[in-house]
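One chain follows as structure tokens, the form predicted alone.
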Amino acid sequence: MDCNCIEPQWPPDDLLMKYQYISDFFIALAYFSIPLELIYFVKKSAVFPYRWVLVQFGAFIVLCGATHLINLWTFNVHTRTVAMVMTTAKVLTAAVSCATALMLVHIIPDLLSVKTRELFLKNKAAELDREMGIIRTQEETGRHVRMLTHEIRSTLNRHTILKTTLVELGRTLGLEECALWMPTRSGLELQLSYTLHHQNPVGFTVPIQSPAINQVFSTNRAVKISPNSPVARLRPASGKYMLGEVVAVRVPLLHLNNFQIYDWPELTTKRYALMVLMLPSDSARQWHVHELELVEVVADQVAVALSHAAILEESMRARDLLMEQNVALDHARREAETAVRARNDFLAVMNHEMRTPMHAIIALSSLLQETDLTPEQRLMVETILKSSNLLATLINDVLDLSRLEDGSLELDSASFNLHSLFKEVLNLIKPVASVKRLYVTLSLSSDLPEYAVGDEKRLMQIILNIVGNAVKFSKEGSISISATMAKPDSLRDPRAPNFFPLPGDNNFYMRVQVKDTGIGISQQDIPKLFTKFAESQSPASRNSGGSGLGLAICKRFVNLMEGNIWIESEGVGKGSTAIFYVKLGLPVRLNESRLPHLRLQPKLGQTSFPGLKVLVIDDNSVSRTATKGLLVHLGCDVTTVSSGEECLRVITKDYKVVFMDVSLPGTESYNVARFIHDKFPKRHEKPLIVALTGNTDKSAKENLLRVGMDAVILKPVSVEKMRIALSELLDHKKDVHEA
């Protein structure tokens, strides 16, 4: 009996066929996609070495896929068991094939990235190799540059620098020829100055305005130029069919213009030398980048070395010129010193020679004045004395000015009574002023110190000069003299902008003003007042006489005392005012021992010296007679001798004073003074030794006192001057003995 029951656990046959059909389709799709993916991988991966294997594998897969695709149209009826096995196998194959295709989609980019990184690393390695090669090349270039720099900087000789450069470049770069073209003085041509192998005569020129030269001068880089360029045609003609490559580079030159020792030299632009370098002919060698860089660096180093050499050459020329100038200046200085010494010697001789006859004139005139004379005779004698005193003053002024100008005059600082100095000036001026009916007043401020430290003689000379001018240029009216201690805030005066006073604890500035009602001074004459031999142009001034040296000397003395002086006047006929500041010291103690210089100030004392035994030594008979006359007039018992030897023969302890004329050399006088001291060792037996001299030099006076002179009197000497000198000498000796 037939059973029409359906087995539920098995699918019908058409379902199995459908599964196989679908599986074959996906297997074919997967097989066809895998080769496409492999083709994409091979195309993107430029470094895969086994492309033929992939092509073969792709062909195999395509064929397998084609087999499964054909199965879609060639299904046959199989047994159920075979159908189940085939279906299961195809389903698994389809699943694995699709999974493989899908996996390749994700894996291929990763594989490509691995290959890309590998390629990147290879490229980096190659780049590093290139950089290392560059570094090695640069190190080699640097080594050559250092060697060359050391060679060219080991000397500052320009020719050695340039020749060494060519030799070292030729050796380092293996050049056939190397040359240096220097600009001519005109700057219009380049001249062949140096070559490596001396194949061409030096001195050959080419125009600077050529295209090749302009091209090189327009840049600081090394430039390849044609081997046939005018500056490159240095190799001898030969059968060589191919000339080596040529490069040229500019070398900046330092042009020195108005070079001075303490100034930087000026650098003139567009002034270059040209360095030409040639590779060997008949070779395939070419210029490399590092070689061009070496050439550029060397050109810069040569420029620096040449600039140093140029500065050295110019400095050496300046040094030579300076040495020549120094030699000339030294020669001029020696000549000037010789002239100054000659002038000083002349003035000293003239001073001594003039004072000797002046001594006779004033001494004898003053003696004559002491006799009974008629009014007419007395007037003539007084005129002689005034003229002689004026001449003596002029001699003093000329000597003072000479020493002031050559810097040999020094101030003689000592403690003195400042108030007494002004009173003494007043006593000296009043008799002269009274003749002209001028009223003279003196005003000393209460804060002005009574005692000060300074050069009393020079200060009195300044005040007497200024007050004397006031008396001389005033016909009527009055003259006022005032002295104050200057306050710090009043020291700076707009009329004296260059005066910078510096008061201290042990000094002060004194302000002295002398105002008169005289003839006045015009504004244009005021700047000339302190000039040597300058006088006002007014007739009244010219008629007043004078040498024109007084104010010039006053200004120099004031400057030595760190002060300042000026004169004010509202014009002619309106009087004038002289103002000066001087710096004085404050004495540590008021009572200082009296210096052995005789001040010879008028004072009450002995008017005659009867019986005083005096010995006079003078080799000049006229001067000896004049001195003897003065002493005899004062009552002295006088003995005269003409030499030191005669003096030593006649001198005894009875002689109380020895007047010794000191000639200009003074050596004999020094010896006589020493012999007298040796002959009379006891103080009470030793006579006073007084030097009569015409030498006003301070050092000469000090030397006289050092060898044993008791005092120094400057010629000429009048009766009054001799009386004061003897009185002070004897008083001083008495004080010493009592002490």
Partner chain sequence: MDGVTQLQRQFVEHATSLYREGYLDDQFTQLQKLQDETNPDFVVEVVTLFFEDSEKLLNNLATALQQESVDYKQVDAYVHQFKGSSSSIGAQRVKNVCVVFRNYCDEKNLDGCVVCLQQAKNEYLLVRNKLEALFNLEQQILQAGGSVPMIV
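Numbering follows the first chain given and starts at 1. Quantities reported herein were computed from a predicted structural model and do not represent experimental measurements.
Absent from the display: the form predicted together with the partner chain. The rest refers to it.
Residue contact check for residue 717: one or more of its heavy atoms lie within 4.5 Å of the partner chain in the predicted bound form. Among residues of the shown chain, residue 81 is not one whose heavy atoms approach the partner chain to within 4.5 Å in the predicted bound form.
Proximity of residue 368 to the partner chain in the predicted bound form falls outside the 4.5 Å heavy atom cutoff. Among residues of the shown chain, residue 633 is one whose heavy atoms approach the partner chain to within 4.5 Å in the predicted bound form.
Residues of just one listed stretch (621 to 629, 124 to 132, 280 to 288, 213 to 221) have heavy atoms within 4.5 Å of the partner chain in the predicted bound form: 621 to 629.
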